[in-house]
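One chain comes next, on its own, written as structure tokens: the form predicted alone.
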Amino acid sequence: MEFGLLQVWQDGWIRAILLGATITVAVGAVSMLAGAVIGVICGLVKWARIFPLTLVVDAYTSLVRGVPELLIIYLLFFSSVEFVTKVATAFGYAGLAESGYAFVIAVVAIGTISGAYSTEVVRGALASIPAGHLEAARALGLPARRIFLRIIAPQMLRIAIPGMNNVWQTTIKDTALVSVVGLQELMRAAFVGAGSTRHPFIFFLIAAVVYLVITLVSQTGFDAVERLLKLRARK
């Protein structure tokens, strides 16, 4: 019997792929959130030129952006998995380490990568704020906290949204790389299905469609947020 989409559905592969897609979105969302926090902190450090922290941030962004993402995942995973497994086993959580560590290391790795690119997006957004706005606020005697909350943060967010959208799209695609550590995300589910049925084209085509749906839906969300922020800026 010829293998097709009907067999993919009847054999339960669609459920496995949807579960993998859920894990992909979870890894991407948590990593993006961690990366955004890193990006805001490091972006402020670079923008304000806080010495010597700016040297540390420069080294971090240069290192992460200069090394292949897959190599970063390998380095983080293989440098820590043995130690974590020994500690978890000593405390009686060996099974938990085996089942959950791949997700944790995926978030750490992708979050680290996302944070480096978010740093440059935030720094660029901060640099785009007209200097006159800040000078006027200081001339009025506004405290630094109020200047940040009422002037810097709103403009930074509005300018940074398109760049953060690009970081998010890249982050979602980077999650495919963490299949190498055994996490059952979308790419891993498609790979297992392709190997089990010996019909790789069908499974990788389905994975491509699911990735496209995820990015198109998230693109719509970012576009809506961007329009909302522009409307608020005009008021």
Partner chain sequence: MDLELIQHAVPVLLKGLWMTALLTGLSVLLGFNLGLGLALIRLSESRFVAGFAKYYSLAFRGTPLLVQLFLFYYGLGQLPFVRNNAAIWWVISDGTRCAVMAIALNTAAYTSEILRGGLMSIPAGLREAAKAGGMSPFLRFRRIEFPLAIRQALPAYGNELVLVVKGTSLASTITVLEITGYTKRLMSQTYAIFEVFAIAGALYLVINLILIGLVRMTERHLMRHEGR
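Source: prediction; values computed, not measured. Positions refer to the first chain, counted from 1.
From this point on, the text means the form predicted together with the partner chain, which you will not see here.
Looking at Ser128, you'd find every heavy atom of it more than 4.5 angstroms from the partner chain in the predicted complex. The partner chain in the predicted complex is not approached by Val167, whose heavy atoms all lie more than 4.5 angstroms from it. When contacts are judged by a 4.5 Å heavy atom cut-off, Tyr117 counts as touching the partner chain in the predicted complex. Contact check for Phe222: no non-hydrogen atom falls within 4.5 Å of the partner chain in the predicted complex. Think of it this way: in the predicted complex, the partner chain has a heavy atom of just one of Leu71, Leu142, Val87, Leu157 within 4.5 Å, and the residue is Leu71. Though the partner chain is absent from this view, in the predicted complex it lies within 4.5 Å of a heavy atom of just one residue from Leu177, Val57, Val40, Val30, which is Leu177. In the predicted complex, not one residue of 119-153 has a heavy atom within 4.5 Å of the partner chain.
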